[in-house]
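The data below hold one chain only, encoded as structure tokens and taken in the form predicted on its own.
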Amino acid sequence: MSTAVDSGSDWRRLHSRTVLVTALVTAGVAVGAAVPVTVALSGRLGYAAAVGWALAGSALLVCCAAAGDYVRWRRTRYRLGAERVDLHSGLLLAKRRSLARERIRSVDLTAHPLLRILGLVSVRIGTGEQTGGDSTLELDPVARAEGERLRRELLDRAVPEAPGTHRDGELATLDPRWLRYAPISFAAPVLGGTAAGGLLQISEWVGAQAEVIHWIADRFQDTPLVWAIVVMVAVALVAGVIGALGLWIEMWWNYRLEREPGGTLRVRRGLFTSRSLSVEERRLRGVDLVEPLGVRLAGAARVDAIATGLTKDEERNADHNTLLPAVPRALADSIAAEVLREPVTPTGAPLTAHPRAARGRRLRRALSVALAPVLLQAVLGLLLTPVLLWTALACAVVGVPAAVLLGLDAYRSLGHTLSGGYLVTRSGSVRRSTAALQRSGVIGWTVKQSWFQRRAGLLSVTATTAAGGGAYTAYDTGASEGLLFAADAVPGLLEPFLERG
């Protein structure tokens, strides 16, 4: 366990196995780097001498890393006080950081495979404020039991009894059938393209890129160019699908969503790297039902939290606010209602449709995006080569119908309404978002009307909040309808600026 620094003191140190973790991780990196270095040196020094130099360099690197981490371990200590959490660290540049306990919004536990084997976790304590590293304290690592104790004590606050009969304990657990939504996400083509690019890059590093390209060309020397392209794209997609499945399993295996007695929603997930994310219910301002196009066509959606003190962890690129992965839409609505302690989820409320003028705006935008590359290729084709005219024609045949369909779908997705204590906005086609935000969580309104919107009698109203993305917009509403929506959602906030007819 983490140990007290002095007898009778409440200061504690990180777990002493941090030095072992650093040494093992550095050894793995050293081995990976030693292989190409040995190959490179063997031609000049001979194999035995090259191995010797590589081993000596690796040993020196591991010793230096372990020594540095030992100093860090000796100089790092933390204290959980009645009012504050303190962290002192550093040798040459001493750092003393402190967070008020009442400002702490999240305590997340993460453990990669090596930490899990050694019974350790990294603890990230955050206030959720956009002040860079000053808003978080990281204890890396402590014993798992110590991490659980910190999470429990820092988030266990007395909360008033919430109305309704919604249960504590387990709200959702992993259903392996959810795995079917992984390949239809946008991750699959991205991963497929990444795999193809990675193959070419690695072959270039080892000086074999030409051989790889020639090998592929030999496979398709008797195949028409179009079919060769189709086959290569299909292979890349298959690789992307496999990658998406693996990524989903790594991220969501062992998934569990629970409500703890202290009023905290806890998400636990991860196959190799375990993650434990906590959200205080009193910081929850709503939910966002997110439906990427592929997932939506399959009748599924995921649930994100709209909460204060939750921000994207850009350093780790983790989805900190996702409460539920893509699941059948009915289940997503049910879990959203459970999370909000509502009998029926506001994200399922009937929405007010937007004027037809909004449809024209979306069609024009979609067509402009589709026709821009067509026009560019056509101009270049007239100036340079007729081949570009044919590619422009192909892009137009494929892109224009797709743009029309996406534009119409984007218009159908528009909507807004008030449902009990929530305002609901929906927008988007490729990524449709239905946000249900507590009306009490709105701190301001922004009304925008461009010259084109004025001609069409439209405007966009944005609810500003301290939670989630910070702003939720009803795009291209009717001018009067949008203002009345904002005025009714938060009575008194917009009234001084309205002139009712």
Partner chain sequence: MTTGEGTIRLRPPRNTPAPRAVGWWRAQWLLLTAAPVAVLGILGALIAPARFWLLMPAAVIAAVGLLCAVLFPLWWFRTHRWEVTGEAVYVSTGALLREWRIAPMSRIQTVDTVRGPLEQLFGLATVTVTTASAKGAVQIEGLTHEVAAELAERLTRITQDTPGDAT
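What you are looking at is a predicted structure, and each value in this text was computed from that prediction instead of being measured. Numbering follows the first chain given and starts at 1.
One more form of this protein, predicted together with the partner chain, exists but is not displayed; see below.
The stretch among 429-437, 28-36, 55-63, 444-452 whose residues place heavy atoms within 4.5 Å of the partner chain in the predicted bound form is 444-452. Heavy atoms of every residue among T465, S480 and F497 are located within 4.5 Å of the partner chain in the predicted bound form. The closest heavy atom approach of L45 to the partner chain in the predicted bound form falls outside 4.5 Å. The partner chain is not shown here, but in the predicted bound form it comes within 4.5 Å of a heavy atom of A471. Although the partner is absent here, R266 sits far enough away that none of its heavy atoms falls within 4.5 Å of the partner chain in the predicted bound form. At the 4.5 Å threshold, heavy atoms of G457 reach the partner chain in the predicted bound form.
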